[in-house]
Ligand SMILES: Cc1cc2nc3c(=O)[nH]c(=O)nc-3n(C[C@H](O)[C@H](O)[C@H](O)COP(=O)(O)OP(=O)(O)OC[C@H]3O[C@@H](n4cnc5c(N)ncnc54)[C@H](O)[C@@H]3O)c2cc1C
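Only one chain comes next, encoded as structure tokens, the form predicted alone.
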Amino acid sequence: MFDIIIIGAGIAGMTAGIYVARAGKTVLILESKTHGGQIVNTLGIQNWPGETEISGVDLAQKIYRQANNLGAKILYEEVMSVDVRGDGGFLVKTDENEYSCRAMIIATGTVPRKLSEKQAADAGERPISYCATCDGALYRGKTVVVVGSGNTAKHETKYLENIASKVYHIHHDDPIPADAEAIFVAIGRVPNTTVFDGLVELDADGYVVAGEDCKTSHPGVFVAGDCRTKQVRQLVTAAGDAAAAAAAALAFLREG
């Protein structure tokens, strides 16, 4: 049995693993795809403290090595279900194995909604980004387009107007302007939390309900990163959540 299982090996999950491992507890991090999460698709990160610019892959590798060197175990298996054990712990079933733990941290992140089939065809080989604050500086002085009709799209458009030479703002399914050199998609995100429905409280959009202490509605279950109900979803806030979730999980183990 592990002291803590972390589901998701993005920035939040791996950072939480670092804190748990440094505390001398056994920790397993389960990831269905690749460590680093969505950030590995970002070519240049300019808003991570201490790094003028770093690729998503390089940043993910640095955090992975740190977690691994401290003793955090990372396995690439998809979590299929989580059950509460008779002793109050948890049984995590993956597509390959079963693992038990005393506490758990959910760090599964979100997935951005994709362009419509028509817009994807219009986009062709042009670069597509899902985060203006992450990638906007890469297109300074260029022509870009923001796709989306909600508040996020409006925010992304205003942000890019200070960077790009020209910014189009179009709605979902509108044609992509031919002269746009990059496409910023802001049509919403979907949290990866389906497997936890019934275990912890989710809001109407599927995000795990938790405050800054990262405690969920179920004792022993904590949450970190983009899948938590919050206002700002950035790398640094994911890392901050990880520290809070790990601290809360460690306190739970001590009190138990």
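From 1 onward, residues are counted along the sequence shown. Because the structure is predicted, anything quoted here is derived from the model rather than measured.
Omitted from view is the form predicted together with this ligand, to which the following refers.
> So this ligand isn't shown here. In the predicted complex, which residue out of 34, 66, 229, 26 has a non-hydrogen atom within 4.5 Å of it?
Of the candidates 34, 66, 229, 26, 34 is the one lying within 4.5 Å of this ligand in the predicted complex.
> Scan 199, 202, 39, 187 and let me know which has any heavy atom within 4.5 Å of this ligand in the predicted complex.
Looking at 199, 202, 39, 187 one by one, just 39 meets the 4.5 Å heavy-atom criterion.
> Does residue 47 reach this ligand in the predicted complex, with heavy atoms at most 4.5 Å apart?
Looking in the predicted complex, residue contacts with this ligand include residue 47, since a heavy atom lies within 4.5 Å.
> Does residue 5 reach this ligand in the predicted complex, with heavy atoms at most 4.5 Å apart?
Heavy-atom contact with this ligand at 4.5 Å: absent for residue 5.
> Considering only heavy atoms, tell me if residue 79 and this ligand come within 4.5 Å of each other in the predicted complex.
Residue 79: yes, in contact with this ligand in the predicted complex.
> Can you work out whether residue 17 and this ligand are in contact in the predicted complex, taking contact to mean some heavy atom pair no more than 4.5 Å apart?
No, residue 17 stays farther than 4.5 Å from this ligand in the predicted complex.
> Given that the partner is absent here, state which listed stretch (140-148, 173-181, 121-129, 105-113) has heavy atoms within 4.5 Å of this ligand in the predicted complex.
Correct option: 105-113.
> Mind checking the CA-CA distance of residue 78 and residue 134 in the predicted complex? It differs by 3 Å or more from this form, so is it closer or farther?
Relative to the shown form, the pair is closer.
> Mind checking the CA-CA distance of residue 232 and residue 152 in the predicted complex? It differs by 3 Å or more from this form, so is it closer or farther?
Residue 232 and residue 152 sit farther apart in the predicted complex.
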